[in-house]
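One chain comes next, on its own, written as structure tokens: the form predicted on its own.
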């Protein structure tokens, strides 16, 4: 019987539930100085004067450094974003968002840094701030005058109006996919030290240790062997911790300047201001088709807010483009995008990274089209879904989907939700004039995981003790890799899961790795573990054959007993422990694989959300959330369900609560957790998860990613449900989040028309 597919309890949990995790702030760094950053209070200004004299003389101050002290190169976003938009580690001459670093203070104790930072005097000469990307694109105020424009990157598509020529119905709408703060439970923390031989060690709360190592090598002109990056337990990343930020990149320079280790942990306020934000798209959709519900043409124009310094956010439209037409067979599709700089915190990847934005746009467009022709939105979706017999399917922007059955996912979600009964109850309430407005929202989605099609490194080793170690280049930080990877190895080796240890997040112990992001881990890292374990069994079979004086082809592994024997003769055998002991003198019992699947995979699903809206106050309550999320073969349903739960919560939070806002002068107005509402169990129902499995042919496990699916499908479903609740009162659209005031104002405006 296979262990795969079973609800194996997480092997990580006993530690977290007893002694607790070990996070960056828990690590001891003897003799380390604390770093506190002085941050800009102006969104856009010239630095007229920067005086560190008073701060330098305060108790415990080791050093105060400014951008003029640094001899580090600026940090580029990467091609094709121009180098003219590169970011200095510490501001030089100009600040471009509230929270940008202008100086670093090193102190003996952490609390001394806060006082000393306040003593740094900065005289700002204000410049006009540009917060709205639609204003930024006009270029009336330039953030980088030498660049000549606020546009960092463009994806030009043909604006061919003839694609809508035969459409009986055309609908256009401006949509906003609002800016979000990731808010991981653990804020960023890092420490840097130099050894006497010039070797650099960095500890950081990060999702991609090897990428961090490579960034340090590039900035400090070091070889990979001269840099070690260690990542302890990580209390949440969600994409915002994929790369190193200027704060972390400057730490080695500060450590070298101080001649001792340095460490830094941001405050929650700093995290809200300068940990990269997510989403931030203005979208213009145009959809056309026939009155029978057939969609013939769709255009999506994206204006991406990249923040003050283009980072991963500038590249998000490429992922949006991949998934432009979603689950639908639309004959004519157009996409164009521009990423612009604004006087705001830079945008980075956030759970889904470009794909939720594409789904939100096409799903809202389908709702608008359905409303225009007067057909049920679920039925309009069904009529346009890609048929199951057309896979692999090339969508309207050239993306090739591996496999799927979108109609079945929709039918399962509708059936599980009791869709027709919900519509009947909705009609009853409307007829009765009930102030408790019922809304039903439907979404279908497809997303891309492991979008670059990259591979991963893994090694499997059996020790003389009979226990095994799995080495992985992925970065476990809550996903359950220690459990899943052990299950995959156990399936081949027959060694119990509890006797398999995961080794990760240390660039000295694992030579290379792609990290954890984009829901890539199982189909890359898990696949590599599977292949390495298969190879190890073959290696052990040959060793056993020599010991048993038999042909390797005649030797079998009894997985239940963990012993190799000649087929039909189980009484004479060799255990893993014996073989590993015998192999120790010749290099040990170990195999390593670098595996690359032939391409990305495309999870899909359908969600139904049910909300109740108080017509008098605008308050929205999410009553039900029904989710079908097909991620191919499931290694461990317990882990998959955990990922789905987290994704559903974050998606619903965007639809209902979360928005990071700035005032017109670039001052953050939702910069703490009192003003930036986080969703909790109080605002969420018990999720109704419907299983569906369509294995992918693109890897031996048949697995796709599951980490972001819940977020991608739930957001448009909840938004759709809120609009649906208000539709009979004249509300056609409502941008997210559906906060009570926004809902109430929409109802008031509809009543006045």
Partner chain sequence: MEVSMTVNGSPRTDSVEPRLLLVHYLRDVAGLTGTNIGCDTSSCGACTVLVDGESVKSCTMLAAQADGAEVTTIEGLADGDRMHPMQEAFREHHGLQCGYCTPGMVLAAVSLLKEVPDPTEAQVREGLEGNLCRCTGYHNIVQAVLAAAKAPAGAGAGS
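Numbering follows the first chain given and starts at 1. Nothing here was measured: the structure is a model prediction, and the numbers come from that model.
Absent from the display: the form predicted together with the partner chain. The rest refers to it.
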The partner chain contact in the predicted complex: residue 469, any heavy atom under 4.5 Å: no
Partner proximity in the predicted complex: residue 128 to the partner chain, non-hydrogen atom cutoff 4.5 Å: no
Residue 597, heavy atom within 4.5 angstroms of the partner chain in the predicted complex: no
4.5 Å heavy atom contact, residue 29 and the partner chain in the predicted complex: no
Interface segment, criterion being heavy atoms within 4.5 Å of the partner chain in the predicted complex, picked from 637 to 645, 399 to 407, 144 to 152, 333 to 341: 637 to 645
Candidate from 619, 679, 218, 86 lying within 4.5 Å of the partner chain in the predicted complex - any heavy atom: 679
Heavy atom within 4.5 Å of the partner chain in the predicted complex - residue from 58, 692, 684, 70: 684
Members of 83 to 109 lying within 4.5 angstroms of the partner chain, judged by heavy atom, in the predicted complex: none
